[in-house]
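We begin with a single chain expressed as structure tokens, specifically the form predicted on its own.
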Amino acid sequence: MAETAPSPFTPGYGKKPAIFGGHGEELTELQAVFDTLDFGENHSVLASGLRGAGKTSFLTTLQDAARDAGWLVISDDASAGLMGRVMDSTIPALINDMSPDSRARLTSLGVGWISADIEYVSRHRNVKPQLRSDLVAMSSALGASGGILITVDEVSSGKVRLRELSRFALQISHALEDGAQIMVVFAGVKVSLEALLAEEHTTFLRRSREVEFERLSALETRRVFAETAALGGRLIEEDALAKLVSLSQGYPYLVQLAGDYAWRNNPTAPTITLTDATVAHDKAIKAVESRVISRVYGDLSEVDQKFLNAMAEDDDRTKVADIVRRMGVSDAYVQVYKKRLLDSGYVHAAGHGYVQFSLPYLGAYIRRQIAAEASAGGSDGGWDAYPAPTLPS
């Protein structure tokens, strides 16, 4: 029986791809900082893009490179309680993992009492600990041997979350002013990152390096498919490769998902065939619609949805004037929501006066939803003919 090789494609959440598509130059430059401590413009980075565009995988790749270079890594998401998690759990755990010499230097700098026997850092101090002071002390303890990478994923534009992120960013900015060797990366959809920049205390982030995650070029998509399969010891037939590239439309999550489905269809064969790619096509589209597209669409406001519904009447790009006519509102009204959707990254400009979907298959998904509602006659699945009986009082 032929041995089954594990799939080299990684469609799981936050999994680092074996072959990273796009942003190779940015990754190389940021990873060089971990070895040289020559930051340049790279003290703060904003990574923007839609779900599945590769932001979290980008963060994971940076985190692994930082740890390999001897840096401390603080990674979390922007959910409520970020500051508490970092101060009460992440930093004590990092300190416990530091070398004895570094921990001794931390003790002299006033960062808790450290017991090597029970590996516990006491947070009970005469002065309440601050993220700023801990980051400065940890950076000083590392000396020239490394720095601190801080990554915050899933930045949200909710007011409560933004206030906490603003306070978190303020502490980091003070630590940078005090000389701490820090690289901080915030990741989220563009509109949420812009909302963060509009908060007070985030002035230093307005000078951040920006990395925008969009779909890969066709050539880059081919490379990722072919080189990833080669790492697992298999080739992809040319017609199968063309089908996989066409299917994925350069959307990084779909590249990994389709590649994984194609690989697993006949994992003992030396070559991925058109049959494998065809099976992957049906599975991948169904999966991405349920896992990504339906959720993206459901998260939008009713007016945003109406704007996209108007776009979905066209197979390709849509004239903004047609959206105005289809929605039955003024041009000024449509321009407001056009800007919102452009800023969010769900649509992009496609020539003067035209827009186009940025997320593959979003238009097709909307058209099917509208058709399904129309075929049901706007009813509730036939239950209007069978009303629930009145219960006795």
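For clarity, every value in this text was computed on a predicted model and none was experimentally measured. Numbering starts at 1 and runs along the sequence shown.
Beyond what is shown, the protein has a form predicted in complex with a small molecule; the following relates to that form.
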| item | value |
| --- | --- |
| Which of 361-369, 36-44, 53-61, 337-345 lines the interface with the small molecule in the predicted complex (heavy atom within 4.5 Å) | 53-61 |
| All of 70, 71 and 183 with a heavy atom within 4.5 Å of the small molecule in the predicted complex | no |
| Sole residue of 304, 154, 88, 227 within 4.5 Å of the small molecule in the predicted complex, by heavy atom | 154 |
| Touches the small molecule in the predicted complex: residue 256 (any heavy atom, 4.5 Å) | yes |
| Contact of residue 13 with the small molecule in the predicted complex (heavy atom, 4.5 Å) | yes |
| Any non-hydrogen atom of residue 216 within 4.5 angstroms of the small molecule in the predicted complex | yes |
